[in-house]
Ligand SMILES: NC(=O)c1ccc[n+]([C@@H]2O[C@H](COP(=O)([O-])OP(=O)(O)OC[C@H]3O[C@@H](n4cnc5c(N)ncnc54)[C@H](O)[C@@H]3O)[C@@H](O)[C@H]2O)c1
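Only one chain is given next, in structure tokens, and it is the form predicted alone.
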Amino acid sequence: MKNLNNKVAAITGAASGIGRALALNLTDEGCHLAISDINEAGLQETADMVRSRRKNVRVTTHKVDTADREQVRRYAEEVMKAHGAVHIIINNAGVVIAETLEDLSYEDFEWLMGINLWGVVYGSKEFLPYLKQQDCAHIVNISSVNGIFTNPNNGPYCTAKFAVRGFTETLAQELADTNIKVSCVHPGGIKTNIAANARFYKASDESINKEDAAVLFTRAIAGTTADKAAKIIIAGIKKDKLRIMVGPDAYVMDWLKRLFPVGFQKLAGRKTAPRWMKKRAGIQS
């Protein structure tokens, strides 16, 4: 889909982070937007930013819990009623839990899987009939580098992101001969509030609390801005790329995992944050 002008894009998790950045950058492309989130205040802020950025872009807001299939079904219907078409669905909404798989409650596990996995499944399937009505369309599902390798105390997130990758790559195979392109996105560390907003029980490094973990992520891990991430994703959509890697760290870690599948997995599984990371984040060892 080389030309995004006058296309209609639906984006979940658009109240902040990558979702908001996607909305703003798609506005610059001339896209009309149907943005959704559970956070109505943040969603309205995004809509206001879009309207001030480009006057001739239509934007509608939709309060949607992506873990609720009926709400996602209504979202797709509302987008069609409001815009008359939909060309792109970006299933972006995501959350994080810091806890061991052993101690994690089933309720927390189900909460994360509902948003991070089922939200992607519902978004893809509920929008698919409407996407098929267009001459060209695109499904974009956000996985992660944690859909390529795992980290301790991040098991629910890794489980969901591996599943998103499997779902998306299979969907791409099944839709290969249709008008619909499919992309699986693997961001590395992106400067968003996802770590600060996590359900935090314990980090793999037990010397780190929730506040430390958020600072560590922001200062030592997240090397790519949400705006840059959005630009990379949109460039990937324009090139009909199946696999979109976001950030230099994503390429490096993907390469290391391919080259040293066992050794790198062991390295990623260490339970103490490296000294240089703590020092960069200003955390006392």
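Given the structure is predicted, the values throughout are model-derived calculations rather than measurements. For every residue, the number given is its place in the sequence shown, counted from 1.
Omitted from view is the form predicted together with the named molecule, to which the following refers.
*Asks:* Check each of Leu171, Val215, Val121, Val95 and return the one that places a heavy atom within 4.5 angstroms of the named molecule in the predicted bound form.
*Replies:* Among Leu171, Val215, Val121, Val95, a heavy atom within 4.5 Å of the named molecule in the predicted bound form occurs only for Val95.
*Asks:* Counting non-hydrogen atoms within 4.5 angstroms of the named molecule in the predicted bound form, say which of Val79, Ala137, Cys184, Ile190 makes the cut.
*Replies:* Checked against the cut-off, the match is Ile190.
*Asks:* Consider Phe149 of the chain shown here, and say whether it contacts the named molecule in the predicted bound form, taking contact as heavy atoms within 4.5 Å.
*Replies:* The answer is no: Phe149 has no heavy atom within 4.5 Å of the named molecule.
*Asks:* Please tell me whether any heavy atom belonging to Asn25 falls inside 4.5 Å of a heavy atom of the named molecule, as the geometry stands in the predicted bound form.
*Replies:* No.
*Asks:* Might Ala9 be said to contact the named molecule in the predicted bound form, defining contact as any heavy atom within 4.5 Å?
*Replies:* No, no contact at 4.5 Å.
*Asks:* Indicate whether the named molecule has at least one heavy atom within 4.5 Å of a heavy atom of Tyr157 in the predicted bound form.
*Replies:* Tyr157 belongs to the contact set for the named molecule.
*Asks:* Any idea which of 127-135, 174-182, 206-214, 86-94 reaches within 4.5 Å of the named molecule in the predicted bound form, heavy atoms considered?
*Replies:* One stretch meets the cut-off, namely 86-94.
*Asks:* Does any residue in 135-170 get within 4.5 Å of the named molecule in the predicted bound form, counting heavy atoms only, and if so which ones?
*Replies:* Residues within 4.5 Å: Ile142, Ser143, Ser144, Tyr157, Lys161.
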